[in-house]
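Read the single chain below, which is given as structure tokens and is the form predicted on its own.
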Amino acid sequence: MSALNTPAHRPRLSLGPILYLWPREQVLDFYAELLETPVDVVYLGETICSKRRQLKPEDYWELAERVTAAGKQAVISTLALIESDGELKTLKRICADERFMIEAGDLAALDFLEGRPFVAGHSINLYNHRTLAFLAERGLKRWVMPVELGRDTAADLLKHRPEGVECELFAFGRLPLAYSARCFTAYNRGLGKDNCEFCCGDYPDGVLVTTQEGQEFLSLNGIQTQSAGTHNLLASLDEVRALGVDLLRISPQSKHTADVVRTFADCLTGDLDPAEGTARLSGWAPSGLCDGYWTGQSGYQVGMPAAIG
């Protein structure tokens, strides 16, 4: 196995792709700041909507060069939902560039990777060790655990993972729960998907959805539905270490992402207690923290009303 299954094991930190529509300059400034943090792997690319064209593949390749020059691994991420011939052509073009590893958001990417090493994104339904072995034969080097799987399934998959395949957990950020052919953000504004006016750019962290009782429970991000609560596994760091997880993914948010990275890093090195780190993170989670599906219990049962799963 690629990780030591001991409590002293120290997972590396990764920065997931930006899931929201931010202005070009904000994106460039964001990465300039994050390259100064102790993150080890940086994922770049558009994974939600092909209409978001503030940055083109050439821009992401240039950013990937900067990431590499900073001593970090750059990975190019692809769309989680392929809906058109144009998106398929763009996917083929991205996969044709062999300078950087690809994170496949959809299995269609495998048709263009020709056995090259790749990462399976959390949007791929990798639920059992047979699928893990099947993809490993086709070049899988790392998989991001689907967020709807908990620690028991993670333990089973890690026990049976093929040699040389790394496991990455979505450790911080609003949980990506579902994708749709329709754009809920546009619908919320009374617009159609084809004439959306890029209104998702008005919501740098998604559109919060509340229940009739006024409780925040979902966030809309274009075609993606997310949790309102910010998923956080820092409080479960000892469990994660014991399982031998290789990477912890921090999903970008419009504010305090660099602070989140440094807080995780300080807890991993032992300079900060995870309980204190979690308290610090709670101040950067607009709708509160949750532990998602990790424990297999409803968030209400563990006293976290913002939790999903």
Partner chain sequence: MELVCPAGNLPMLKAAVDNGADAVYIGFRDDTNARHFAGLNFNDKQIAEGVKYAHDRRVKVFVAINTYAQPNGWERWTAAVDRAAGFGVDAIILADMGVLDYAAERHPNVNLHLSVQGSATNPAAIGFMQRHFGIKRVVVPRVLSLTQVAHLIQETSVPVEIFGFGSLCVMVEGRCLLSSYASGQSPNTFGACSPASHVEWRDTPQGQETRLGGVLLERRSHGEAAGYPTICKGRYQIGGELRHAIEEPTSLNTLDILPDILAAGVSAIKIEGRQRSTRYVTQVAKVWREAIDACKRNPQAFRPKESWNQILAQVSEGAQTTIGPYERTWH
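From a predicted model like this one, the values you see are computed outputs, not experimental measurements. Numbering follows the first chain given and starts at 1.
Form predicted in complex with the partner chain: not shown, discussed below.
- This chain lacks the partner; the member of Leu237, Ile76, Leu220, Cys167 within 4.5 angstroms of the partner chain in the model of the complex by a non-hydrogen atom is Leu220.
- Proximity to the partner chain in the model of the complex, defined as a heavy atom within 4.5 Å, singles out one entry of Met101, Val144, Leu233, Leu135, which is Leu135.
- The shortest heavy atom separation between Ala178 and the partner chain in the model of the complex is within 4.5 Å.
- Taking the partner from the other structure, the partner chain in the model of the complex has a heavy atom within 4.5 Å of a heavy atom of Tyr293.
- The closest heavy atom approach of Phe198 to the partner chain in the model of the complex falls outside 4.5 Å.
- The partner chain in the model of the complex is not approached by Arg116, whose heavy atoms all lie more than 4.5 angstroms from it.
- Remark: none of the three candidate residues (Pro11, Tyr31 and Asp202) comes within 4.5 Å of the partner chain in the model of the complex, counting heavy atoms only.
- Although the partner chain is not shown here, in the model of the complex the stretch 221 to 249 places heavy atoms of Thr225, Ser227, Ala228, Gly229 within 4.5 Å of it, in sequence order.
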